[in-house]
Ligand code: NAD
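One chain comes next, on its own, written as structure tokens: the form predicted on its own.
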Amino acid sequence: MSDLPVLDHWVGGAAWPGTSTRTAPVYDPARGEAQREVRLAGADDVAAAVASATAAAPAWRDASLAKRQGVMFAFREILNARKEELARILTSEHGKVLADAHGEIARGLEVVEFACAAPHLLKGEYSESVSTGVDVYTLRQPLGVVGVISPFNFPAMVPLWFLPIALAAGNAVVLKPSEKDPSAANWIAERYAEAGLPAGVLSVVHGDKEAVDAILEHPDIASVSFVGSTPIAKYIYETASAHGKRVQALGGAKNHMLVLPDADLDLAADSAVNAGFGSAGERCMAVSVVLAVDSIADTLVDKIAERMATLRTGDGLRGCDMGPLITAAHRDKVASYIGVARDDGATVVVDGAGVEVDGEPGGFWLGPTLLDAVPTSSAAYRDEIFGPVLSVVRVGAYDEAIEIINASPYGNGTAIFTNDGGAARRFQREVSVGMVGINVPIPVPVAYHSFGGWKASLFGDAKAYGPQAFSFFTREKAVTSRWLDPSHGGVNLGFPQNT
């Protein structure tokens, strides 16, 4: 272990070092230097966190809805008041610019506010007199201890997609954030403690695959929620399901944006740049492919390139437009696709590999990159690059574009830019994608709808946040009730009938 400060786990309402001696460096991506280390949990550490959660779960389950709602309201106020503090943590460990960090927190805050309505959203249903003197009603009850595994690209927002609803529903939660940018998770846990959440109800264990596998296999964890790449999402779904858990595993994406000839090309160009290069393209909802109809493709590519020339890449604390990538290895992997595309016949319109940055030379830099005429056979088109690389695929017409989108193994998000209402309506019906934007490039639903894709972008049938999340984090119990009066009919061995 180095002399750098070490980030502990959060178990039992306090920082806890655990028993494992393994650690990993946490970098400042804008400097390319390790700024702290984080502990990596072993199976024993995960077991200790689960035991703490299991001990705390019954009292939290039995707490009144008013008590749970009060904690959510208090957390909302604390988070809103101290969001600048959290934003700076995100920028220092992930690299996204401050404005983007604030946007991430705002979208997480929406889910916190939605969870404040838990007393209404947890209501059951009641049917009176389904048979003579018999009523039926339903209850929603928490699962117990649930696991959440969150990715590096949204170290605050994704935990805030799951934690508020799982907690408001009466569960205890064990959160495993990405070891690449882990500090936001501890910050959130500390703020929940300030809001009155009892010790043990929320635990944070840091770690790598060893910790993930321990969560997936632990018999006392009832469900697992995950957001990340498709191969890992599939692994988590299969492993957790095999161990009897309820699973929602949101995977990767290759999001297409179709631009028809009648579209407002200035709006389309602005949107392509915003959605392609925000957060350095490290978003599962980033636009990575623009499908441009041939008649307007040249004009659209020129407009996108013009806007890219105005972008400033650099340290997120310096007011730049785009920050670094999360690690040097990831930067190098993303940059390799520029050569792949060129070798496959694409035109490199803007090469971000040589970008001049407003930041330290050791940062994990790659500037915005624009590829034109990318063949759909190229790995630069097929793979989820997860970086600031925007590919333009030229198509003859709408029908060709819809075939390309629907042939993709992914189905997370897509968008169409057009002024033709009929084309937009046809698109939203015909496209095999879970989230659709019409003149909106990043169609992330608001908190009171649910987030999730189709095909290899979602494993399991439960989406994140919104109404589906309250269903996911609870079990429904149906009660059939008869209160007998003194004149009941006595013994009858016949099969009961609804009369």
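If you're wondering where the values come from, they're calculated on a predicted model, not measured in any experiment. Just count from 1 along the sequence shown to find any residue number.
The protein also exists as the form predicted in complex with this ligand; that form is not presented, and the subsequent description refers to it.
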Heavy atom within 4.5 Å of this ligand in the model of the complex - residue from D321, D372, D100, E179:
E179
Considering this ligand in the model of the complex, which of G207, G276, P159, G363 comes within 4.5 Å of it through any heavy atom?
G207
Residues in which of 418 to 426, 252 to 260, 107 to 115, 332 to 340 have heavy atoms within 4.5 Å of this ligand in the model of the complex?
252 to 260
Spell out, yes or no, whether the shortest heavy atom distance between G367 and this ligand in the model of the complex is within 4.5 Å.
no
I'd like to know if S229 sits close to this ligand in the model of the complex, meaning any non-hydrogen atom pair within 4.5 angstroms.
yes
Find out whether any non-hydrogen atom of F451 is located within 4.5 angstroms of this ligand in the model of the complex, and reply yes or no.
yes
Does this ligand come within 4.5 Å of any heavy atom of S150 in the model of the complex?
yes
